[in-house]
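First comes one chain, alone, set out as structure tokens in the form predicted on its own.
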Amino acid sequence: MKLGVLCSGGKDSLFACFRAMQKEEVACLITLFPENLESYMFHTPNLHMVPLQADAAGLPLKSFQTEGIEDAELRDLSEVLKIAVTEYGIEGVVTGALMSVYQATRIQRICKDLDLWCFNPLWYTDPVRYMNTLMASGFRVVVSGVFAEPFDESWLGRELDGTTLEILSGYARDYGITLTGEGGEYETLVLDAPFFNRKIVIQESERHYRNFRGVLSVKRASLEEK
């Protein structure tokens, strides 16, 4: 079965892509670029990095602009999926949804209307097992945004590893955040994955941080041999 992967550039969508590749054929990545940074449906930090990730993975990318308004972005998602069906012959859609019923139900509804299979390989997976598997599989992931207490500016650009996972586990216990960031507490950017032919190297970036909210803005990056 040919699948299109909804890709935000973060760990969940690209790990879902990795899982899908183990079972089916991934025909393309699909990304919507919201003008509204508070999009209801889509991850927004460093979306401009997705084309570089697609290049690293050797996969075509179908992208689409959306205003990021609640109902309009759903119509835009439907439109880009129709295009992917025509251009790449996709028969199903892969998402990185972990627990968001809001996102999952809306994507499932669109897929049903288009007669597409909706595959959510991470749905309600055990958070600790997932995070450990992510790192053990060879993913290199950095924190690209923080949006909750107690994250300070030092988290921007920090790589996810055993040490950060231990700290995040403490935050989950003491502050009630989700370990995976599914509650919107933090966002991530994938620099390398098992299916990347080359790795991404950030050459220039800026931090914008205030009151437990901040974003690592990547200004310049390139692909390098592993």
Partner chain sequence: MILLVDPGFREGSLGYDEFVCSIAGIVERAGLPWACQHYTALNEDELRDAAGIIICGTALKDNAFLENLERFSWLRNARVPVLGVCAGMQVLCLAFGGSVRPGCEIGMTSIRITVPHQILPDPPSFMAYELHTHSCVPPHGWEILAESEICIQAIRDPERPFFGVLFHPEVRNDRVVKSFLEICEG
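All values reported here derive from a predicted model rather than from experimental measurement. Positions refer to the first chain, counted from 1.
Below: the form predicted together with its partner chain, not depicted.
Visitor: Which of 98-106, 80-88, 135-143, 151-159 has heavy atoms within 4.5 Å of its partner chain in the model of the complex?
Guide: Among the candidates, contact is made by 98-106.
Visitor: Though only this chain appears here, would Lys112 touch its partner chain in the model of the complex if you measure heavy atom gaps against 4.5 Å?
Guide: Flag for Lys112 set to yes.
Visitor: Are any of the heavy atoms in Leu216 no more than 4.5 Å from a heavy atom of its partner chain in the model of the complex?
Guide: Answer no; every heavy atom of Leu216 is more than 4.5 Å from its partner chain in the model of the complex.
Visitor: With a cut-off of 4.5 Å between heavy atoms, is Lys23 one of the residues that contacts its partner chain in the model of the complex?
Guide: Judged by the heavy-atom cut-off of 4.5 Å, Lys23 is in contact with its partner chain in the model of the complex.
Visitor: So in the model of the complex, does any heavy atom of Arg75 sit within 4.5 Å of its partner chain?
Guide: So Arg75 does not count as contacting its partner chain.
Visitor: Judged by heavy atom distances of 4.5 Å or less, which residues of 119-134 approach its partner chain in the model of the complex?
Guide: Residues within 4.5 Å: Phe119, Asn120, Pro121, Trp123, Tyr124, Arg129.
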